[in-house]
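A single chain comes next, written as structure tokens; it is the form predicted on its own.
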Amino acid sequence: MPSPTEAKRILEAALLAASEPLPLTELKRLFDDDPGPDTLRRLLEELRDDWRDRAVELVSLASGWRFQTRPEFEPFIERLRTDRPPRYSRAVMETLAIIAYRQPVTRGDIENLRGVGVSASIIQALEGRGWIDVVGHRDTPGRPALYATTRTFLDDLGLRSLEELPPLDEIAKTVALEAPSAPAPDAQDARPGNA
């Protein structure tokens, strides 16, 4: 195996060239001699420290390691993007949240929690993005599909595991803060007898 300095440079080059996060199993293939997972992790942690004061950071995600722009620089990077990221409806985001926090769930489970039907286009949008997938079927009549989130979902949110999702009460507070306030009733409408 090369010296630690050279090994870090090899890892750095591979991670900068990669279009997807690289797991340790892939990173081991960079070397003739297997450095072992502990050595690789130590080298990656050292590499992360080397990049600490840069605009790009090395992060560990659900499916591996990758370099990414630090969050504070994202507004500037957005100015260069010609294609805008897709905007998802509240229904899509609610469905995704239910799947993320209650998985595995069926479409019926989601409908029961949301109180409204879930259209096929909502499920297709989430599957198309790679955020959810069918992980099995419930052993009930009709054998409905069970949905769960994917590693892509975790990677896109910058998470290593579902345990890193914010607590549900924090989500509820955020949604409550973003909800439009109801207009105050008209003084005329507030009089008894006016409906």
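Not measured: the values here are computed from a predicted model. Numbering starts at 1 and runs along the sequence shown.
Just so you know, the form predicted together with another copy of the chain exists too; it's not on screen, but the next bit is about it.
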- If you check in the predicted complex, is Arg29 within 4.5 Å of another copy of the chain, heavy atoms only? yes
- Task: Examine Arg54 and determine whether its closest non-hydrogen atom to another copy of the chain in the predicted complex is within 4.5 angstroms.
- Result: yes
- Residues within stretch 9 to 34 having a non-hydrogen atom within 4.5 Å of another copy of the chain in the predicted complex: Arg9, Ile10, Glu12, Ala13, Ala14, Leu16, Ala17, Glu20, Leu22, Glu26, Arg29, Leu30, Phe31, Asp32
